[in-house]
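Next up is one chain by itself, shown in structure tokens, the form predicted on its own.
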Amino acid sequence: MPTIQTQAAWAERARAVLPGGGFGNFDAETFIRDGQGSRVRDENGKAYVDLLIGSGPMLLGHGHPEVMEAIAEQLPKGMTFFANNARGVELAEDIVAAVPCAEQVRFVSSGGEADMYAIRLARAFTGRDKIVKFEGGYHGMSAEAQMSLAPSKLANFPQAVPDSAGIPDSVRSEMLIAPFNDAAYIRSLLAEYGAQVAAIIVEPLQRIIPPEPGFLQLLRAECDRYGIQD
């Protein structure tokens, strides 16, 4: 029989090999042992409703029969190829067919990587450098994204506050921070900086804050007005 370890024991082991004793995104004292459907259990056997859903991809829950069947069918054929393959093309075709604005698809490994590429593409397309981000919005771990997610000090908009050490001032100077849901402020900000802005990055639902009616439509219209990518 394998030795059963408590959460405290796992936390001690983790502190020896992981920075901060965890994976960096959640309570370092909680260790999930298994999951089924919408629920997970920790190493002490306590059950939780899994509202994190893997930060997005676990929409069907843990161990969904159709997902398990598809995985079991593919595993004997190979796991990852780092090269073109027919199944990837079929998936891209399905996404393009299902999403009206998706003319082509680039597969990446995470949402943060997708945001990083989107920012780079917007800068290349527009020839501009500045990016507008809303305070409190999460867009991954790139230097641009790690600005004013949870500011450690007060600063007047649109000044950006780095959320991590190791971010050059040159990155901070190209980020413009705005309050979410403030239509008047975003209009005034773009009236001043619109010709310098390559993109606005925004969460349609910012963490748990819904957009005010018409706010996202306003952003789309302002992007069109100033030639900004959104």
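All figures in this text were calculated on a predicted structure; none of them were measured in a lab. One rule holds for the numbers: they count along the sequence shown, beginning at 1.
Beyond what is shown, the protein has a form predicted in complex with a small molecule; the following relates to that form.
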Taking any heavy atom pair closer than or equal to 4.5 Å as contact, tell me whether residue 111 reaches the small molecule in the predicted complex.
yes
Can you work out whether residue 138 and the small molecule are in contact in the predicted complex, taking contact to mean some heavy atom pair no more than 4.5 Å apart?
yes
Flag residue 163 as yes or no: does it have a non-hydrogen atom within 4.5 angstroms of any non-hydrogen atom of the small molecule in the predicted complex?
no
Contact of residue 207 with the small molecule in the predicted complex (heavy atom, 4.5 Å)
yes
State the residue from 55, 181, 188, 38 whose non-hydrogen atoms include one within 4.5 Å of the small molecule in the predicted complex.
55
Between 69, 29, 203, 192, only one gets a heavy atom within 4.5 angstroms of the small molecule in the predicted complex; which residue is that?
203
Spot the stretch among 111-119, 77-85, 92-100, 151-159 with residues whose non-hydrogen atoms come within 4.5 Å of the small molecule in the predicted complex.
111-119
